[in-house]
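Single chain ahead, written as structure tokens, the form predicted alone.
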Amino acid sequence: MLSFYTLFYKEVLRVQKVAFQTLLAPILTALLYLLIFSHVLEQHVEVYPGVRYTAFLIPGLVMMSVLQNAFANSSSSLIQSKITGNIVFVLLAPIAYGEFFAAYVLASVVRGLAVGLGVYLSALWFSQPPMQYPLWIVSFALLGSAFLGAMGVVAGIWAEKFDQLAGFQNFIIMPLTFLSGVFYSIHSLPTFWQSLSRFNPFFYMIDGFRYGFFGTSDISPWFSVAVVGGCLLAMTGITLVMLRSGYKLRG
């Protein structure tokens, strides 16, 4: 476990060294979303009966921040290591590919949860949504951040330059998060778009996470946790196969 711990510590330390970029900047971005959308829609939208729109919006923004930053952590670390060439020092070390995977994903979970907690605590000034089922909140936060951390490892391995990684984030991660129900309930959409939303795994993460706050959701949280868990297992398998084969990492 020494190899795993050392790599994990290195990744967490990297986040701490540039905390303004990795922690404070995404918190500020989420608060700007909250300020703008709550100001514009607070008096015009009521998604759940008796729930203010600002309170409805906070869990979505928290989970969106968790997911985006978990992905950014592992993907940016790997692409930087590949471009600067210091990835060779990790590959030459006696570390198993399973430990390599676990260290990067766990560090991504830590950053995602840290940013999410920062967004939640900062947003309490605007509104204080209830926490009816904390266990569901923690479960979806852990599963979602682990899934995006693993996806970030895949993106970091696949990308050979920052442009490719930016394309992965701008054309896959950002659309999936923004179209996952962060700012709305899918029941407000036309039937076609409701059906299409059910193919978006990010929707189940957001919806299940929000259920932990209000006890109300568009989909059963048990079905959502099954979908997210299945996606995590599939992404874990893909990532481990890539690491084991040395795809774009060795030779």
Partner chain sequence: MFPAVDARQVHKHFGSLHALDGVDLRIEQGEFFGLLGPNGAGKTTLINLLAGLALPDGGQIFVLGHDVVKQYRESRRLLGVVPQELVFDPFFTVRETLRLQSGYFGLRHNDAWIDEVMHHLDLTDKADTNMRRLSGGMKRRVLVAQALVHKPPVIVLDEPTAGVDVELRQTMWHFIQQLNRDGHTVLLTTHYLEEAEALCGRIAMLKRGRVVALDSTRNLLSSIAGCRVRLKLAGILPAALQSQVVEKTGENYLLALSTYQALERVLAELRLAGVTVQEMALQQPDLEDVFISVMGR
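Small disclaimer: the values here were computed from a predicted structure and weren't measured. Residue numbers count along the first chain shown, from 1.
Absent from the display: the form predicted in complex with the partner chain. The rest refers to it.
Contact between Q164 and the partner chain in the predicted bound form is not found at the 4.5 Å heavy atom cutoff.
Contact check for S122: no non-hydrogen atom falls within 4.5 Å of the partner chain in the predicted bound form. In the predicted bound form, at least one heavy atom of V90 sits within 4.5 Å of the partner chain.
Residue contact with the partner chain in the predicted bound form: M174 places no heavy atom within 4.5 Å of it. Site residues V51, T54 and M131 are none of them in contact with the partner chain in the predicted bound form, judged by any heavy atom within 4.5 Å. Comparing 112-120, 91-99, 166-174, 132-140 against the partner chain in the predicted bound form, the single stretch with non-hydrogen atoms within 4.5 angstroms of it is 91-99.
Residues of 1-27 lying near the partner chain in the predicted bound form, listed in sequence order, are L2, S3, T6, L7, Y9, K10, L13, R14, K17, V18, the criterion being any heavy atom within 4.5 Å.
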